[in-house]
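First, one chain by itself in structure tokens, the form predicted alone.
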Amino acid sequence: MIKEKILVIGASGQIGVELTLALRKIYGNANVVASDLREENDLLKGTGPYVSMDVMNKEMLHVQVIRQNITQIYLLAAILSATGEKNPNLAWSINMQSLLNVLDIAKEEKINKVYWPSSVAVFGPTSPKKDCPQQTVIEPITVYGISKYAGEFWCNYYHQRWGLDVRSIRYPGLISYKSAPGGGTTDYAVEIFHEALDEKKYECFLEADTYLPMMYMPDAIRATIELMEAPAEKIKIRTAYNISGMSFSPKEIAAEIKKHIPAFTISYKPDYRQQIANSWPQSIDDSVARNDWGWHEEYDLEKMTKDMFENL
């Protein structure tokens, strides 16, 4: 059996930290190289090798892949939806060029597998709002969504043309207690827990009844690893798989939090992120992922809220 050597790019981010730790548990600390442009996240310190690296520097990346004998790459570096709208050109440049750099090097060095996350941000106002299917109308209105949709097709292209084993998931909003959110439209669902504990109140930047697809981080990490470990013949979608954990509104999560902190209150002051949220589906149909590689979520809103408070 080939010994895998994994490179995680963007390891200090919201997904990166927990994914790196999970991969180190499976493959051994020394076999998972964490890298980021930022400082090493405190949770990663002392758990395995760390390289300070800019994925936009293709030569530097290429040298690391060869030097470390890398067999799998997880590319998590990206500028997210809300942050991307403040600097669209930068978001496009980073989100696209980082992927093309990785795909090129992976093709040249015959890397076994590449993972690159997509997002529900690929969907737009014309996509179905309820149970948005795997194949549907996709007309994103954020630069983040546009870059993710283009990226899905680059992944598919490298797979079709050069047989590169690239795999992807369209993440919904992700909720975690370990690492801070990274400038997305669904960040309120993380902030609300911290504010509930510290201030007993929260001012939400989305309207009370804004339903969005969400997922608890343990489910997202497990989905990613299960997708990557599934036999290649089971992976029928080479753009990106829809996956879903739950769907809720700020009003619903506030009600769930009140069960744990009765004094908690929420107020609403929608900002520019409301328009982004309105353009996305309220719930996702992930039956294709369930059928192809056996995806199944473990956390609903109640179970997640309980776990968040136990850990925070």
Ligand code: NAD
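All residue numbers are counted from 1 along the displayed sequence. Treat the numbers as computed from the prediction; the structure is a model and nothing was measured.
Form predicted in complex with the ligand: not shown, discussed below.
Contact test, all of C155, S247 and S287, partner the ligand in the model of the complex, heavy atom 4.5 Å: Result no, not one residue of the spot touches the ligand.
Listed residue (L76, A106, I237, I221) with a non-hydrogen atom within 4.5 angstroms of the ligand in the model of the complex: Exactly one listed residue reaches within 4.5 Å, namely L76.
Partner-proximal stretch of 191-199, 159-167, 228-236, 116-124 relative to the ligand in the model of the complex, 4.5 angstroms, heavy atom: Looking at the other structure, the answer is 116-124.
The ligand contact at Y216 in the model of the complex, heavy atom, 4.5 Å: Taking the distances in the model of the complex, the answer for Y216 is no, it never comes within 4.5 Å of the ligand.
Partner proximity in the model of the complex: P140 to the ligand, non-hydrogen atom cutoff 4.5 Å: Flag for P140 set to no.
Any non-hydrogen atom of I15 within 4.5 angstroms of the ligand in the model of the complex: Judged by the heavy-atom cut-off of 4.5 Å, I15 is in contact with the ligand in the model of the complex.
Close approach of A150 to the ligand in the model of the complex, 4.5 Å, heavy atom: Because no heavy atom of A150 falls inside 4.5 Å of the ligand in the model of the complex, the answer is no.
Residues of stretch 28-54 in contact with the ligand in the model of the complex (4.5 Å, non-hydrogen atom): Stretch hits, in order: D36, L37, R38, M53, D54.
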